[in-house]
Structure formats: C-alpha cells, structure tokens
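Below sits a lone chain in structure tokens, taken as the form predicted alone.
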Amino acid sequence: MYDRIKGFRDFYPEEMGARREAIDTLETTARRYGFREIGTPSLERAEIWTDKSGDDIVEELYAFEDQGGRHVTMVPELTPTVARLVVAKQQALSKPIKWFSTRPFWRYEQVQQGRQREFYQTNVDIFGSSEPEADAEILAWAADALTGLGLTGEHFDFRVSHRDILGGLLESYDADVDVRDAIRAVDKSDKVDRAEYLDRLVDAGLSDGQAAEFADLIASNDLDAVVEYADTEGVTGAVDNLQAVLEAAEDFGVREYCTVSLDTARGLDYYTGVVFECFDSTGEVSRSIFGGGRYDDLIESYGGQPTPAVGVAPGYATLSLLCQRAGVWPEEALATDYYVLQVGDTHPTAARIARDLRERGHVVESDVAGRSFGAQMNYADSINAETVVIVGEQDLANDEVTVKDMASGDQVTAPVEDFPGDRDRPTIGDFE
C-alpha cells in the first residue's frame, strides 16, 4: 500500500464535482470579460525564479537537474511564465492582452490550513494597459466570480493598497531604509505582534520612533494624512492612482467590496503599483483568499518591451474554505439525470434510449457489468439518479418501458417508441 505524499491531495468524484463547478464559474466569468484561455508547461527553467529572488528560493521549489543537465523546477506560480509568453510574441499580440488559465502549482513549504504543496489557481491577467480601468476590471472580475459562487459583500472584503505609497513614505524618512525589507515587514505585520513588527521595521533602517510613526500612519488608512505627511510627487501620484482605481471600480459596480488598507503590501518583489488581497469578512478564514496587483516592470526585466501588467490568482484551497464558511460551496454529491436499467436481453433498446437522452445533454448511465435488477437499482440510488428507465423483456413485449422517479418512488409505463420522443427532459408526469 502506497501512501499519498504530504502536501498533495486526492479528489474523489463528489469533491471534484464541487471543485469543477467552482472552476467553471470563475472561468465562465473570465470569458464574459473577454479573457482568453492559455495553457502553460508544468516545468520551467529554475533561473526564472533564482535570477529574481536569489538561490535561496530553491529551498521553496520542487527543483532538480533533468537528464539534459538543465536546472528546472515545477512551476510555483504563473506570473513569470506568462511574462515569458508575452515576451516571446510581444510584437504579434494585440494589446491589451487578456489571458486566464486554471492549473496546478507546486511549492515546497509548510503544510497548513489552506496551503498545500500542490495547489490550484485560476490566473487572470491584463498586459498592455496602465489605465486605472485595467486594475478595476481585474477587481470587477474577482467580485463577479465570487458573487457568481453565491457570496455577497457580507462574506468578503477586497483590501486595496499601493506599493508606491509605502515606498514613498519610507523614502521620505531621514534614514538609510531598505525599502524592500520594510515592505516585506508590512506584508507580514498581520502574522506577528506589534513589537516584532516594529523590530522588523527597525531592522530595515528606521529608528524606533520612525517605525512606530510609520506603522500608525499606514494603519490609519487616511490617504489625506499620508499626502500631508509626505507631500512628494511619488506619494501624491500613488494616492491619485489608487483613488482613480477606486473610482473606476465604482463605474464597474464593485466599489462596495473595496476597502483602503495601506498595510496590504503583497510580499513578492515584482509588484509595482496597486495591490489587493481578498479576505473573509468575519476573519474565520485566517489566510487571504487570494491576492493580486500591478507588476509593470516584469515584462521588461525578462527582456521584453516595457509593458504594464496587472493580474490576480484565486486559489481553490482558501476559496473553498470561504465558500464553505458562507454555506455556498457547491454540494459535494454525485448527480445523475437518468439510469437506464436493463432486464434480460434488452441491450439494443436500452442503448438507443441512453443515446437519445445523452443527445439532449443529460447525464446518463446504464449497466456495463451484467448485474441483477436489484444490484442495478442499488447502483442507481448510489449515484443519485433522478429517474430510472427500466427496459425489461416483459415491458418490451408490451411495447413499453417503465419510468421511475427515485425521489418519490412513483413509476409509470410509457410507450417504448415514444420514449424519450421529442421531450427535452422526460419525467413520469409526461406519461401519467
């Protein structure tokens, strides 16, 4: 007996059916906004990540040397890969480029609630527009996808910030501040107590007093106070941009889901402008549901032409936790429209009925194991068949089939040549 590898999950049909319904909702919403689906490889050159984040990141990757001597890794996130795709055909692609995909990723990290070593995300990105409307459209897609799953504004909150506000504030201090380390401290602030948070800011170069002042200022989420404190072109421009995105979100009808949250920073270094994270409004799901933002410099850093970009990547582990908490996760149960039951030498007729029902778009099963009448009925019940069509030798001798409603137990006979006829979804009521 072989054990499943830690951090990897199996999905049996009932659970996979619910996940598929959620994935379909997110992807259908993306298509309505004009996003086009792409497919990407599971393996990439590890240098795509080590060149940007240093060799230490290898400890977080499923990286190895392949038989050709190449240093490769199972893909831990999609953004660098889609950046590579854009660079490869940048001149031939119409702008803006709007792509989405759903696929698994792999990271070697501590397994905990909502975080596995193999996980699935739907990535949605826009390349080629720096306008606030592009950021707002990403927020609008995310909101529409969540409400499409049955969630409401009572269930989730988009915490929206701007990396240049944080960077500009930090640079305004008369201190030698490592802005990247300070922003990482902000990103981790909700996971540590205040004393440790301030210590990390001090380690990044702020004095004790500056660290406390900075922490209090961004915690206020007061954009006017931020501009008044650091009235620089960079900070003022970032605040204006954030406000413009929120105004565009109003036009898209999703401003109600957005809250200014300046201590939302996003830890990845490639983020450049507006960033956001989605959280459970009640706090019962402790991790962010998903996050995203602008990464305007990434395409150029990969050898392409300067290309603004913005995107988001909901993951299904935390998304399912939020939906389950709210009571809207799709039901984890098998669903079958019809089971065509055979008794005796009736296979040609049963097969014809099954084909006709499938052509109408129904989920239909029939016996493929030579089982008895009772065994077939038990199986039909186990797969939650709504209706059983019994095709028996005695029925056919009378030119009939029996149609049984599994919920009520009621059944009627129907002329075999008239079943299913021209009915889209035949029920016993059609033949009573």
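For clarity, every value in this text was computed on a predicted model and none was experimentally measured. In case it trips you up, residue 1 is the first one in the sequence shown, and so on.
This protein has a second form, the form predicted together with another copy of the chain, left out of what is shown; the following refers to that one.
* Using a 4.5 Å heavy atom cut-off, which stretch among 189 to 197, 352 to 360, 227 to 235, 160 to 168 contacts another copy of the chain in the predicted complex? -> This holds for exactly one stretch, 352 to 360.
* Would Q91 sit within 4.5 Å of another copy of the chain in the predicted complex, counting heavy atoms only? -> Q91: no, not in contact with another copy of the chain in the predicted complex.
* **Residue contact check: D399 to another copy of the chain in the predicted complex, 4.5 Å heavy atom** => Answer no; every heavy atom of D399 is more than 4.5 Å from another copy of the chain in the predicted complex.
* Answer with yes or no whether E60 is in contact with another copy of the chain in the predicted complex, where contact means some heavy atom within 4.5 Å. => Flag for E60 set to yes.
* Asked: Do F373 and another copy of the chain come within 4.5 Å of each other in the predicted complex, heavy atoms counted?
  -> Although another copy of the chain is absent here, F373 would stay clear of it in the predicted complex, with no heavy atoms inside 4.5 Å.
* To do: Quick one: from S261, T336, S286, Q243, grab the residue that has a heavy atom within 4.5 Å of another copy of the chain in the predicted complex.
  => The option sitting close enough to the partner is T336.
* Which pick from E118, E332, D222, D269 sits with a heavy atom within 4.5 Å of another copy of the chain in the predicted complex? -> Contact with another copy of the chain in the predicted complex is made by E118 alone.
* **another copy of the chain in the predicted complex - contacting residues of 11 to 45, heavy atom within 4.5 Å** => Heavy-atom contacts to another copy of the chain in the predicted complex: F11, Y12, P13, M16, R20, R31, R32, Y33, G34, R36, E37, I38, G39, T40, P41, S42, L43, E44, R45.
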